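Just one chain follows, in the form predicted alone, and it is written as structure tokens.
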């Protein structure tokens, strides 16, 4: 569609900007193109303004308004709409280059060709379909490799659509064909928001939900270093006793089915390499792990070697766990084992998706309150070499580890209004310019900005509707209120009847 004609303004047209008078309606953010010699100059509409020569001189307007007003003038016929375009580059020989020659005044401006737009933004016809580009009928299909290999983050305030977007991502991954490349997905579900996948007629067969209370690992598979990571305040003598006791147990019980905490405590008591007060302090620290009841004698759940499969989703439902520290320890355990197994090529390439990631990789927290931060940062730094990918979802980016967030080379940002979070996002994402930063607070629910490695240029998208069944724990607020009052009335009636 022809949109208008390029005109001369102060400093334009140039290799970076030009303006045109509208012939047909356009929208801010819309992509346009012009024929520039034998090349196609490509850009987006950065601003739209209205002009009218009758109203350019304030003193003249004020003077006329004192008497007869401006109604007697044919002012409406002099009104025109002007669009300013930011030049992004030149499309030549199926690739984009910088613009070295400005477009000529008087030439026509057209709506961007969909195929050119698809190529310019770096979309993949076999990619993950997240939605569509604003103002264009072009599906936003992102390359799975570009999106996940260097990790990604979904950042937004509460209620902006993080879980909806994550569900759309999961649908796309689970629907991929073998020939397109499939990965396994492990989801840390904090509030039970994704359990609908297990009940969905399409995705249910590809989904396994594991209750956080059922997670277990045999003590013989836990190294001394792993326990020391969970208990970072252990002294050097305590660490020596723990290491000696575990190694002794492993050697003595080599052919046994396993051993438990009771036998570990007995070995600590029998140790002769430290004083009794050191042993007592170590046993007090270990009692915390014992209370969490995830260390077993021989039970292992999930069994990662057999349960992690390409094109399958494993949901670890932490909504039944109250202790944040236990959640952190379990995330540390699962993430470390996944990474080690992937490095040995014993499990397929995977995506570890962590909801409320700021609770597991806090930027400013003591070691004892951030036991899972270390392994998350390790995967963020090294995972791309081994096919171990991260997706961090957070509503408080300012509390999220800068190391982990900066290693997420693609950010999908929904609405954020907190100034501290906005500053943190802008500092940690190289692809955010002033235009994108200004737009973040104005996004509506379901709108997102994609910046980073997954796209060639920051792009605004409208997230598509989800296909899967939405089912989450907890009834709507009004339903809970009605149920509560009905139960109270029944209790009161039962008491009256009894009296």
Ligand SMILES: Nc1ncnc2c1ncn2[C@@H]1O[C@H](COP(=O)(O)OP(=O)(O)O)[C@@H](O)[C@H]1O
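Numbering follows the first chain given and starts at 1. Note that the coordinates shown come from a computational prediction; the quantities given were computed from them, not determined experimentally.
FYI, the form predicted together with the named molecule isn't displayed, but the following is about it.
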Of 217, 157, 398, 138, the one that lies within 4.5 Å of the named molecule in the predicted complex (heavy atoms): 157
Could you check which residue among 296, 111, 163, 84 gets a heavy atom within 4.5 Å of the named molecule in the predicted complex? 163
The named molecule contact at residue 27 in the predicted complex, heavy atom, 4.5 Å: no
Applying a 4.5 Å heavy atom distance criterion, does residue 35 contact the named molecule in the predicted complex? no
Is there any non-hydrogen atom of residue 471 lying within 4.5 Å of the named molecule in the predicted complex? no
Determine whether any heavy atom of residue 465 comes within 4.5 Å of a heavy atom of the named molecule in the predicted complex, and answer yes or no. yes
Determine the residues of 439-455 with a heavy atom within 4.5 Å of the named molecule in the predicted complex and present them in sequence order; the list may be empty. 445, 446
